[in-house]
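Presented as structure tokens, the chain that follows is alone, the form predicted alone.
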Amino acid sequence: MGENTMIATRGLTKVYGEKVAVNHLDLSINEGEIFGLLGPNGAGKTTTILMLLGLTEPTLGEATINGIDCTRNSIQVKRITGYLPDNVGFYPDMTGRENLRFTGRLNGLDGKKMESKIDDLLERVGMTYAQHQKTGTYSKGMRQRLGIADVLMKDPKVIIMDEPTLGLDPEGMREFLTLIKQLSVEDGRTVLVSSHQLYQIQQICDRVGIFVSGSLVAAGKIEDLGRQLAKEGHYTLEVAAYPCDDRFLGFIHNMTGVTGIEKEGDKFVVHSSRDLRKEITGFLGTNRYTLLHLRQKGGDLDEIYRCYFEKAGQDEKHEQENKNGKHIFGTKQTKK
């Protein structure tokens, strides 16, 4: 991974009426890095991408790609940036090769050089077999792979993808994620991937940013975010024992620091503010239970996302209550 900053935002903000779609976003993505921008629909991911591409102007702040201002010099940004939306559009009555040829000519390519590049890209994305087939007959996975080839026709330094794995079957997902990884590892390109599919993103991203209600609430390597949550007292433990009776469940429920218990299949997921493993195993051993499963989940992206999402929701609730003259424990008292 390179050390040069390729994508940067400072105080980037977009407001639509009374809705803050993106709230003072400060972000730095390095050259050659795959960065995952994670969040639910409506979190502000697509709005951020539109501002990076110069397709909508920020209300406040600025964004740059390779040092080029995305708003003032959007044409220059587009020359070095490729964009792959969640639903790639091609001319359906043209073949895959004809669509790539059209894109090549738009980017100043022609003749044998262009045809050779098309050959190379079709082979790279595994679409040589379908190059003479009309794109209107392509599956979602085929369109996405051809979309990668289409983006690479202009040899961009940066590739931005908005929900690129949405609707892909498991095998198509695996192949597509491999292609994305190659863009960084083999080509040294910078890739920004917007998604809400956490497991897939975890496999390929160098760092992630978690977006909630327009704000970036956390950013970093997945393992670093997990360690930070543990330091802040966010623990999640999977446990299963035999027999799973009321005595065992009552013991867990009454443990100091337990904030929630959920059932997932034959396991219980226990959320707490401290590490419970030693006490639980001690109880099970003393009372002759059989331990079937025990795992601390701190490093999983889905768990990291859940913790930061809940934390951001609590902060937002507290802020709103303070605005309304309330605290978490009731109405604020006014001195008389």
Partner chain sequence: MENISSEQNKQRNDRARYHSMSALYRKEMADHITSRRFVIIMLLVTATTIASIYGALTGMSDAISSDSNFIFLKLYTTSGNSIPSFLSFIALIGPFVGLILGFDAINSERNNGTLNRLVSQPIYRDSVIIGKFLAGGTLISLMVISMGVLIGAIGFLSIGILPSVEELARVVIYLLYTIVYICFWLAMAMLFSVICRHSATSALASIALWIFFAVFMSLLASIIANAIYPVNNQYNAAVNTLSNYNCNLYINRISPYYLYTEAVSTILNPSVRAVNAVTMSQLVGALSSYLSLGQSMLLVWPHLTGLIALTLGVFTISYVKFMRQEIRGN
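This one's a predicted model, so the numbers in the text were calculated from it and none came from an experiment. Residue numbers count along the first chain shown, from 1.
Not on display, but discussed next: the form predicted in complex with the partner chain.
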item	value
Which of 121 to 129, 182 to 190, 77 to 85, 205 to 213 sits within 4.5 Å of the partner chain in the model of the complex, heavy atom basis	77 to 85
Residue (of A219, I261, M94, M255) lying close to the partner chain in the model of the complex, criterion heavy atoms within 4.5 Å	M94
The unique member of S194, N99, T236, T165 whose heavy atoms fall within 4.5 Å of the partner chain in the model of the complex	N99
Contact test, all of I201, G265 and K267, partner the partner chain in the model of the complex, heavy atom 4.5 Å	no
Interface membership of R105, the partner chain in the model of the complex, 4.5 Å heavy atom rule	yes
Exercise: K140 in contact with the partner chain in the model of the complex, heavy atom 4.5 Å	no
4.5 Å heavy atom contact, T56 to the partner chain in the model of the complex	yes
In the model of the complex, K154 touching the partner chain (heavy atom, 4.5 Å)	yes
Residues within 4.5 Å of the partner chain in the model of the complex, restricted to 39 to 57 and counted by heavy atom	T46, T47, L50, L55, T56
